[in-house]
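The chain below stands alone and is given in structure tokens; this is the form predicted on its own.
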């Protein structure tokens, strides 16, 4: 799938990937799509193709790669170009996948799972802490709520509607559809909507709390008024970038796979379709018709 110039994708033939030193070529069985990729498709960089979340099997191994064999199931987080039959991936950006884990489940893990896991690591100790999470009904939100509640946090999740928050409630979150219903005094706010939500949630923070900004899904820039003495008057403000981690992608993928395989983490597959339907799925994702992750199966 390549950018079609209108914000979507179209099928095309491209050069066959070959593994360079330290790389593996993966035969893709399934891939997940993310909202960030829909933004990039609006103005794609030269030479870029979408695709950061894939699951499949090893097709070939480049020089210097050890511990991986042709035919071995894997999950991978390539820099790009994963919405394809095959993709070259750096060996430190993939991990062996349990043979009994479906590719559709594993493909939903990388970007959203890595983000949630690293967000939990950033926040630190969670038992008893109250956390407000905005934009909670996507893949990151579901992973984060399950991880954080499992570690003893009390989560309030803000979603656009009750149906979109149903699974979050099952995972232990208090679900709100109106921010004015939030009680305030949260130890942590994780804000990903932007615009007016940024300052509105800052006002709900404990005076010495932690405010984590991780995006602006509304496409509206946030504005913070430090002269507004409501809420986080002496709070810590952190900008979160999931790529800035002391732990490698490969090691964190191993952790995520273990959590899923042992039944402690459950990917929320809001939509599974064949990859020919990628343009329609992208449209559904942009219109927020998908709860959790959208996954495409690559068929011949």
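Source: prediction; values computed, not measured. Positions refer to the first chain, counted from 1.
Note that the form predicted together with a small molecule isn't included here; everything after this is about it.
**Student:** Considering non-hydrogen atoms and a 4.5 Å limit, which listed residue (115, 81, 156, 201) is close to the small molecule in the predicted complex?
**Tutor:** If I apply the 4.5 Å criterion carefully, the residue I get is 115.
**Student:** Can you check whether residue 97 is within 4.5 Å of the small molecule in the predicted complex, heavy atom basis?
**Tutor:** No.
**Student:** Quick one: is residue 75 in contact with the small molecule in the predicted complex, heavy atoms, 4.5 Å cut-off?
**Tutor:** No, no contact at 4.5 Å.
**Student:** Is residue 217 near the small molecule? Define near as a heavy atom within 4.5 Å, in the predicted complex.
**Tutor:** Yes - in the predicted complex, heavy atoms of residue 217 and the small molecule come within 4.5 Å of each other.
**Student:** Taking the shortest heavy atom distance, is residue 106 within 4.5 Å of the small molecule in the predicted complex?
**Tutor:** Answer no; every heavy atom of residue 106 is more than 4.5 Å from the small molecule in the predicted complex.
**Student:** Counting only non-hydrogen atoms, which stretch in 269-277, 228-236, 35-43, 58-66 is within 4.5 Å of the small molecule in the predicted complex?
**Tutor:** That would be 35-43.
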